[in-house]
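One chain is shown next in structure tokens, namely the form predicted alone.
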């Protein structure tokens, strides 16, 4: 595997659009199409033992993910995401070689203790460990450095910089990259997961591919940018840019075939992508669900939404639950 790799997270991050119900055929076709397109990594969905519904990219059993793998000689590195709020350390079953090879542990700042316990279980059970601390910019450099010191002890396969709210620019990524580069072992990959609230995802990813480093870099993307709110970096854009910059590696035609057959039908029923409302959540550094939840039930102009965002208490900007948004909007409306 060369220095720069692309990880497609359509079935995981794109699941926010469909409540993770893609249907069994689509899950198989996406994984097969990405495999034939020569993607380096494919994230197949979430691990959640409480979920049992067929056709969802949320798996109650690790081994069942292997049933979706294509019968072809060369496959990508297959992995799944484990949210420390959805799965316990003792629910990670041993690696068998018949399903995923790696697990990405995702967590918020207040969940570090639980996340590290889950990480230890992932390693103990024989999987390659990827660590995904959400909202990277929510950590001061000191806090982030202390976290990475603790993560380094686990000898992870990779650690990602995560722009959960879509407002980190190239300078932000470079600063956190340097911190990771200085602290992590040289064989640990650094990942980049971006969102597109301010249309920075592709710009920043281009800069990442230009980094002068011997360390492996893994860039997350999704087909057609499919993902919650403003969505993610587009797989088709970054793979094409890679081919032009570093030499042909990815089969763009295969990628476009998967988009046409599996993602475009979803795009006809659901929407995602850039909007002025999500742009404002980026400007004010707040959770994009403040826009998503509010606009589901209320007619709000862009100007009114900006005033609402200014009304959100500072300590709540990165914490968003649907009932809270409704209560806060009611209070905002009474004062307006």
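Numbering follows the first chain given and starts at 1. Predicted model only: the values in this text are computed from it and were never measured.
There is another form of this protein, the form predicted in complex with a further copy of the same chain, and it is not shown here; the text below is about that form.
Task: Heavy atom distance at most 4.5 Å to a further copy of the same chain in the predicted complex, all of 237, 260 and 302 - done: Heavy-atom distance to a further copy of the same chain in the predicted complex: all three under 4.5 Å.
Task: Option touching a further copy of the same chain, based on a heavy atom within 4.5 Å in the predicted complex, out of 142, 186, 98, 253 - done: Only one option qualifies, and that one is 253.
TODO: Identify, from the list 148, 224, 119, 87, the residue with a heavy atom within 4.5 Å of a further copy of the same chain in the predicted complex.
DONE: Contact with a further copy of the same chain in the predicted complex is made by 224 alone.
Open item on the list: Check residue 207 for me: does it contact a further copy of the same chain in the predicted complex (non-hydrogen atoms, 4.5 angstroms)?
Closed with: Output for residue 207 is yes: heavy atoms within 4.5 Å of a further copy of the same chain.
Task: residue 199 within 4.5 Å of a further copy of the same chain in the predicted complex, heavy atoms - done: Residue 199: yes, in contact with a further copy of the same chain in the predicted complex.
Open item on the list: Within 4.5 Å, heavy atoms only: does residue 280 come near a further copy of the same chain in the predicted complex?
Closed with: Yes, residue 280 is a contact residue.
Open item on the list: Within 4.5 Å, heavy atoms only: does residue 107 come near a further copy of the same chain in the predicted complex?
Closed with: No, residue 107 sits far enough from a further copy of the same chain in the predicted complex that none of its heavy atoms falls within 4.5 Å.
Open item on the list: Just to confirm the contact call: exactly one of 77 to 85, 162 to 170, 178 to 186, 99 to 107 touches a further copy of the same chain in the predicted complex at a 4.5 Å heavy atom cutoff, so which is it?
Closed with: That would be 162 to 170.
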